[in-house]
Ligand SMILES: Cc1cc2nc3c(=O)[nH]c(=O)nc-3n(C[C@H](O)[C@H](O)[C@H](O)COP(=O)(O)OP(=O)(O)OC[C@H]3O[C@@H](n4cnc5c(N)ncnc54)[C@H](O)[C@@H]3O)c2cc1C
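Before any questions on how it binds or moves, here is one chain, the form predicted on its own, in structure tokens.
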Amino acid sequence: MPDPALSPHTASQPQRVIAEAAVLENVALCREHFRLRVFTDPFPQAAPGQFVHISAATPDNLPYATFDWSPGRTPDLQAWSQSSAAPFLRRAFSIAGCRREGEAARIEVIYRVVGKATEWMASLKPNDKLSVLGPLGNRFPIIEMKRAAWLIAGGVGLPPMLWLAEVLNQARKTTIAFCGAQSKDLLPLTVDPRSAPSPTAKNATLSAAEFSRSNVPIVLSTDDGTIGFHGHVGNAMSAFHNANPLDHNDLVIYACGPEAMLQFVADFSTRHKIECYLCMERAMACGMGTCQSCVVPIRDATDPDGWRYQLCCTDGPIFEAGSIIWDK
């Protein structure tokens, strides 16, 4: 049952719920990436850029729920961590897709197996249960006056771009995706062999099925050159821009990925006076602003120091690129 304090019908609270979800599908997309689809009822309205927090579903799957915290006793959390398959804390994942069914929804996330929590997620099978908290965070703005949009995704920054591509297509925006990976076998996309990605990044092709469904052509890049442009996705974006100049007043850029890539995109957009929004990544233990751990330094002319911290989980994860301070 949803937590009443987090109910979408509680006027004083954001629209989010804690709900049990059933696994519909959990399939490998490449060497380390998986796509997890779940059904959850209820689930409030959500939008690209928002995220969910995932954990094991029931107290039976959460050994820490039975710890003895009585005076004089200290639970052995290290021993639990070594013995339990489930993660101790929830993990945040961008929503890669959401299909509504009345008050319920089919939610999709894409994750890379890098540690204990994602190893546990990779073990989930259809009909397994898990707990979903969300939707959390803010959303990408759809700029009505801009006719063109670029989506820049590096590595595990891909998921929110997939859903955003769908929404931008519905808004009749001319959209191009730029997706980078370390190598071809770490690219969680279905590449159409009949439409090869450009090795020069000077043109975009309908070469990735996940974006083609939204009529979005793509420029692919890999660090080792095993597919598409040989190099950083930011350099691929620059090469495309040089070959296909576009009035900055017509274009908005959206990006998600490693912080070095986001800074590159932010600097590029500033130089070219392009409106730009970044989906920042931080470790978000609570997802709701309670733990105050996911800070992002932001410019603020009203603050005596000229800047302040904002929380990635509640003020973000979407930030205007020019507001972020990268060297603090």
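Predicted model, so just to flag it, every value in this text is computed and none were measured. Don't overthink the numbering: it's just position in the shown sequence, from 1.
The discussion below concerns the form predicted in complex with the named molecule, not included here.
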Practice task
Indicate whether the named molecule has at least one heavy atom within 4.5 Å of a heavy atom of A283 in the model of the complex.
Solution key: yes
Exercise for the section: Classify V114 as contacting or not contacting the named molecule in the model of the complex by the rule of any non-hydrogen atom within 4.5 angstroms, answering yes or no. Expected result: yes
Exercise for the section: Please run the contact check for T118 against the named molecule in the model of the complex: heavy atoms, 4.5 angstroms, yes or no? Expected result: yes
Handout entry: Any non-hydrogen atom of P159 within 4.5 angstroms of the named molecule in the model of the complex
Key = yes
Handout entry: Single option in F93, F229, W150, W163 placed near the named molecule in the model of the complex, where near means a heavy atom within 4.5 Å
Key = F93
Practice task
Name the residue from I253, L189, I110, V132 that puts a heavy atom within 4.5 Å of the named molecule in the model of the complex.
Solution key: I110
Handout entry: in the model of the complex, segment of 238-246, 214-222, 176-184, 93-101 with a heavy atom within 4.5 Å of the named molecule
Key = 93-101
